Structures are given as C-alpha cells and as structure tokens.
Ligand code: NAP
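Listed next as structure tokens is one chain, alone, in the form predicted alone.
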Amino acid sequence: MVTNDEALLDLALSGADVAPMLMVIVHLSGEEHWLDEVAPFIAGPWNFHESAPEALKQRMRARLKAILLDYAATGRPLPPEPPAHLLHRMLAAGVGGPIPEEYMPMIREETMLDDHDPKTVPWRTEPKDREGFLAVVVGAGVSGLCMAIKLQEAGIPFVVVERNATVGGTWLENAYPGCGVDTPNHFYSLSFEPNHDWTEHFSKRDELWAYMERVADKYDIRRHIRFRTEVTAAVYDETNERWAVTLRDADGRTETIQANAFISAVGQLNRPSIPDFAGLADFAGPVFHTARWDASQDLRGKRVAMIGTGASGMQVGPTIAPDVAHLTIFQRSAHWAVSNPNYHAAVGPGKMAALKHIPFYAKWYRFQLMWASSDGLHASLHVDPDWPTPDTSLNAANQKFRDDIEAYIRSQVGDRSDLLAKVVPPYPPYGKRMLRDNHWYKSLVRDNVTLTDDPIDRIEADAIVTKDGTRHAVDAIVLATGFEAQKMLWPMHVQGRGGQTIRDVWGEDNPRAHLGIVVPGFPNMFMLYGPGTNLAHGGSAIYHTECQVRYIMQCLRELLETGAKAMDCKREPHDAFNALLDATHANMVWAHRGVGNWYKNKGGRVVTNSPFRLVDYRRMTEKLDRNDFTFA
C-alpha cells in the first residue's frame, strides 16, 4: 500500500538517488520519455556516477510524488514487471550501459519485482512425505541460516550445529576494531530478506551480526540449532546409507546422530592462521588474532605490533592508530586498495525512507549495486598473451586500473617516497584480494605509525626483531594473518565410502568439488562456500550461497521424491568441472607467477577462488543434472 503521508514522501524523495528514482517513475507510470531525458546524466552504476542538474532532480521528485499520491488515492494495485522491451531500456539507463540478455534471469532473481523468490525449489510431493529424513547443517553463519530457512520452507527436518553461543559465523567471530564489509550491504544481504535500516553503505560488524540475529529470529531458526557444539566427525555408513555425525558440546560430552544429509556451512575463513614465528610463545605481552580479538586488552597508549596488511589489517590499523602510542606494521607483501566515496558514508534518513516507502525503489537500488559489484571487472583479469608488461599488469584495462590506483596512492602518501616504494604492489591489480581503503594510506603517514617490510626473524619477550637486526620494542601483538583457507572442512574427520577420508582425497591443502558443492565418494554430503567458490573479482558471497542452496535443495528433492537413499557425484563431471576450473584460472590474475596469496595451495594451484562470472556460476547451478550422479 502506497502512503499518502506527504511529509514522509518528501523526506523519502529528498534522499532518493537519481537512477533508482528514474526507474520507479518509469515503472509506475510507463512514461518512457524520462529515460531519454535522464539517461545522459548516468555514467555508471554507483550513485556518484550521476550528474543530473538540480532542476531536473526537482522535476523528477515532483513527478514521482504526484504518481505516488495518485496510487494512494485510487488504491490501484502496483504494476507488474515492465514488458521486456521497456525493462531492457530501464536497466541500461539505470547503470549507464547495455545489459546483456544473459543477465536477465540473474537480475530478475535479485530484484524479485513480483515479491516471489524464483530461487525457491518447487516440490511435487507433500511435506509429510519428508518425515523421517534428517539433514545436519554445520555452522550458523549466513550460509547456514540460508540453508536452514530453505530446509524449513520445504518441510525437511534438520538440525544446525554451531560451535559458538549464537548465530553469525564470520560476523560474530570477527569483532576487531574497524571490522566491516567491503561489499555494499544493500546487496550483501539475502535477496529474500532485504534490510532497509543499514546506517552505512558499507556497514560495520555489529550491524551485520545484528542482521543475522534478526534473520534467525524472524524465521524461528534458533529452535533447530545446537549451540556451543562442534562436529568432530562425520562418517558415512554404507550399510544404512546415512551419516554418523559425532558432536561434542562445550563440556566435552559427545553424542552421535544419524543424518540422511550432511551439509557443511563452515566455509573457508573460519580457522585462524597462526604463523610459527620463533619465540612467539616467549612474548610477555598479549598476543591475539584479529578473529579472536581480546576486548579485555586496552591498547590505548601501548606500543602495538600488527603483523599482516590484508583485509583485517587494513581495517584494524587505521582504527587503532589514533589511540596507541606507536603502531608498528609488519608487511610481508603490499596489497592494492581502492577508494569508494560511499565506504565511510552514512545512509541518511531520506534514503532510508526511500528504501522503505517508495515502491520498487529498494529493488532497483539493489540491482544498481549488484551491477556495480559483480562481473564488470572480470574481463580485465584475463591475461593478454601479447601484453608487453606481464609482470605488473595483464592487459590494457588492467594497466589503466593500476595507473588509477597508483595515482590515488600517491595522492594519499604525498612526498613519502619511502612509503610509496613499500605500498605500491609489484604485481597486477587483483592478484591478491582487492581491498577498500579504510584511510589506510593516510594512517601510514602518521608520526606514530611505522611500516616495515623487513621479514621477521624472531620474537622476544618485549620486541620483534627483523632480519636486518632492527629491534622493534612492543607491548602487544595483533596477528592479522588470515585463515587456513586451503584446509577446508578441517579439523573435522570426514569419512566417505570405503573408509576414505576427505584428507585422503584432498591432502592437506588441495580441495576439489563438483561446482564447489559435492565430492565423489561422499554421498549426500554438500558444501556451501566450498572449493573454487570464493569471489575475488566482485559480487557478494551471499549471492553464491543462494545459488548453492538452490542446487542442494534440488538434490534433496531428488532424493526425497524418488525414494533414493543416496546420491553420489560421478567422477567424470567432477573431473571435467575441475579441469575447466584450473584451465580458466591458468589465464587469470590469481595464478600469476609473481603473486603469493591465500588463494593458492603450497603447490601453486588456486583452490579457493571461482574464476567464473557470477552469471556463469548461476547458470551452472541453476538446474540439477541427474546424470552427474549415481543413485542408490
């Protein structure tokens, strides 16, 4: 129902961005002439790509207000999705460029203009036919919650096992200063559960965790969760075609439950990586990893060492630098970081009102962010074999990107040539995870901040000594050293057919799975955020989760509706997918010979990342191919 509160509409229109406002006007009125008039002022998908003159924006606001008041007065229903020809024009105008036809299913799924979730898997049998089946989901982060919601929606009995005291996963465990998301959070949220109350465009950890808590409560998922409990082992019983899942609670008590399906939602970034520095155990002060932040330690006025300059380090450093006596940052290798004008921008009351009270505004805004954050850069991450400077860039677009970021870095560090030599990476942009500048470069020029790229030799009781012999006296050490991303499913003991364990198949750090979801020899076992599914070119991890959940739900439907007890991925499709994965990576930036990153295992194979566009992965996972499996 459209509000007739003029004051509320005025507030909402005052905060509305030009592109989504344009799309709402055309959607509600069918007045196509607005597209011709406004589109020339939209150069890209971000709101800072808009340059419409104020007089035009005032006319747009006035027209949209009149349209909304008319809907409120007449009570007529809101229109359906625009016809195809108009929809294409609207989408192109909204992001300042053409939209290929192959993206239309993806866009329809994300915008859900008819309020129906097209990723919901339809069933042909009644829920009562699903009684007696049990799915065990490991982890209550966003992937586990999404999986649980869809299981509940389908009437499939399930239990979620969560080692922490509440939900949230990554956004519960990572509570370090400055922790936040680097994907715009109006897109970094479940498509079927949007949030219009984000206070920032890139929200901080507390809001993201609160969102997960609200989702768990709204869908009444907590009653299915075993909190403060870990899965220590999952062993497939070939006699009864079930998984024996061993649980251990916080008091050390163990229990084994029988499950028809075993679903891992622990992801890749859940076990901190702690480097084996000589003397670390002898350090007299506090030492903690960013993912295990010790809030009882007051770092104000202390000499703090931060080891690592990746995603968490780039958020922690600038946040604590103003309060510590001295911050010494130990960098193994430099990272690229881009600036986004919205990164520290608040979402004002006007925009919140627009998201809540202007019909379709939030849907068009989500589309805009999705387009800004997904596949646009993918083509620039492929190697041009004829490119003359392959060590530092891959192609013309990648070189321009490098030039633009390097110019930005220079603008931040000024005349500090010593810093410039340390912070400009020698490898192509996106070789490591691309980061958002959290005032990182500005913090490095502070008088109380030192950045060193000399390797650490040893740690003493009150200092860190580098290879060049320099002794850095410190009172506390923060480890911003990432996670054991390659050791997926570790430390769980997972055993499939014939007594073969997942470590037998994968080794220590070489995980493979068909579509990143299923592994031959491990029937009815599914993974969310599994091997080869990390997004490093853009997009939202939650988008990938929803693709994977839809695929898994189709697998479960196949089991339950056919009466089969087990489905096991065949070796041929698994091997073909991984051959495609490796071949695609071979021509992309993450496999670059000059880059060391957490994406690669010790043998140099990229094991964490997806080399595919989001639209490709969506197509791969949209429909289950029964021929990829054997059934028993």
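Just count from 1 along the sequence shown to find any residue number. Nothing here was measured: the structure is a model prediction, and the numbers come from that model.
Omitted here: the form predicted together with the ligand. The next part is about that form.
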Triple contact flag Pro184, Val338 and Trp371 to the ligand in the model of the complex, non-hydrogen atom at 4.5 angstroms: no
4.5 angstroms heavy atom contact with the ligand in the model of the complex for Thr481: yes
Close approach of Gly144 to the ligand in the model of the complex, 4.5 Å, heavy atom: no
Contact label in the model of the complex: Asn398 to the ligand, heavy atom within 4.5 Å: no
4.5 angstroms heavy atom contact with the ligand in the model of the complex for Tyr176: yes
The ligand in the model of the complex: contacting segment from 464-472, 74-82, 329-337, 191-199, heavy atom within 4.5 Å: 329-337
Single option in Phe283, Trp506, Phe277, Phe158 placed near the ligand in the model of the complex, where near means a heavy atom within 4.5 Å: Phe277
Contacting member of Gly538, Gly496, Gly267, Gly308, with respect to the ligand in the model of the complex [4.5 Å, heavy atom]: Gly308
